[in-house]
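Shown below, as structure tokens, is a lone chain in the form predicted on its own; questions about how it binds or moves come after it.
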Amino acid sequence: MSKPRGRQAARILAALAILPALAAAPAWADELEDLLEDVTGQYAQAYLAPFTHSFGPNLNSGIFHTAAIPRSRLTIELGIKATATHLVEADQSFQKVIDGVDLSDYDDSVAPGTTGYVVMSGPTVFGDDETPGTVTGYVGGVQVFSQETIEGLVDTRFSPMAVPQASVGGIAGLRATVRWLPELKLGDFGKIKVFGYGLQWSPNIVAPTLPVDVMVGFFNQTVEFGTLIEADASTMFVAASKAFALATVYAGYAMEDSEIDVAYTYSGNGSTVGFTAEGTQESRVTVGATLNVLAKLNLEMGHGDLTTYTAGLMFGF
């Protein structure tokens, strides 16, 4: 019976290796780049704002699902963490006004040197995927041009992500955690590359009479989507957990930051557009529970400037 079970385990691990790649890789990466090529960098920053603000909270979620770290028993876990940051309705559209600009930079029909203001508005990347946005130019309140831009990419109130995760712990109260995917080319979906690492330590090793398990840790990671997007995120956290017969409940507090770089070619004049967006969330409180039956299934909510939900499935011993 060991061989069939071994093959089944191999299939499960293979599926876990492929699933996060399909989920975390932007299946819409090529389409997104095609959309951005039709707009200026100022438009792209407003269009991508809910994505750039939620990317860091997604990356910094699901790093732990218990504070318990054995003092002298080796533990190994491998699985997937899926996250989704909740967006408010206002994140699905935007309006941006730019005053005192040369309108000929935005529309060739306007004579060079014509100064006015531009109103950019429409769906964001997570907005209406059927209605395009607009860029409209005005001089003294009189419209001198109006042009359609791009529609939203996917109409949703959640910004999703999934990443593979593995950990090894049990020596001197330490646990190392990694997230890793080599650069993968997923057909028309584009390329993805993931690397993250962190370390956790449990004070219970020097204070074994504590009524709950406690640990402190950090995690750093980088994700690349082809040449379009590169994101970095880091977090430092403290957490506590309590184990019961079949489940573990846990809570934690974290300080975090993130940064995302976007680069593409604007088809209007062939110039390279690049900008950096800083994550808006600096801290969060996390609460969650892990069901310990054959595998470890955990659900958690992290709340800071944004609210992020995480589900994890980990196999190991």
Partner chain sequence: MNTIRAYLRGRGALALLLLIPAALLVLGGCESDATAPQDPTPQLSERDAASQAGLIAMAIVDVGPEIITFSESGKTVYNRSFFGEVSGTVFLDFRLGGPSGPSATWATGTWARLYTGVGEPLVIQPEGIDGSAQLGLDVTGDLNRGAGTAVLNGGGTFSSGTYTAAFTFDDLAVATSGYPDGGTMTFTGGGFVMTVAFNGTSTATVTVQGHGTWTVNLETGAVTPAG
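Since this is a predicted model, take the numbers as computed values, not measurements. Residue numbers count along the first chain shown, from 1.
There is another form of the same protein, the form predicted in complex with its partner chain; it is not shown, and what comes next is about it.
- Proximity of Thr227 to its partner chain in the model of the complex falls outside the 4.5 Å heavy atom cutoff.
- Interface membership of Lys193, defined by any non-hydrogen atom within 4.5 Å of its partner chain in the model of the complex, is ruled out.
- The shortest heavy atom separation between Leu291 and its partner chain in the model of the complex is within 4.5 Å.
- Contact between Ala251 and its partner chain in the model of the complex is not found at the 4.5 Å heavy atom cutoff.
- Screening Val101, Ala240, Val144, Leu199 for any heavy atom within 4.5 Å of its partner chain in the model of the complex leaves a single hit, Val144.
- A heavy atom within 4.5 Å of its partner chain in the model of the complex is found for exactly one of Ala90, Ala172, Leu210, Val206: Ala90.
- Remark: of stretches 214-222, 243-251, 73-81, 172-180, the one touching its partner chain in the model of the complex is 243-251 (heavy atom within 4.5 Å).
- Residues of 40-65 lying near its partner chain in the model of the complex, listed in sequence order, are Ala46, Ala49, Pro50, His53, the criterion being any heavy atom within 4.5 Å.
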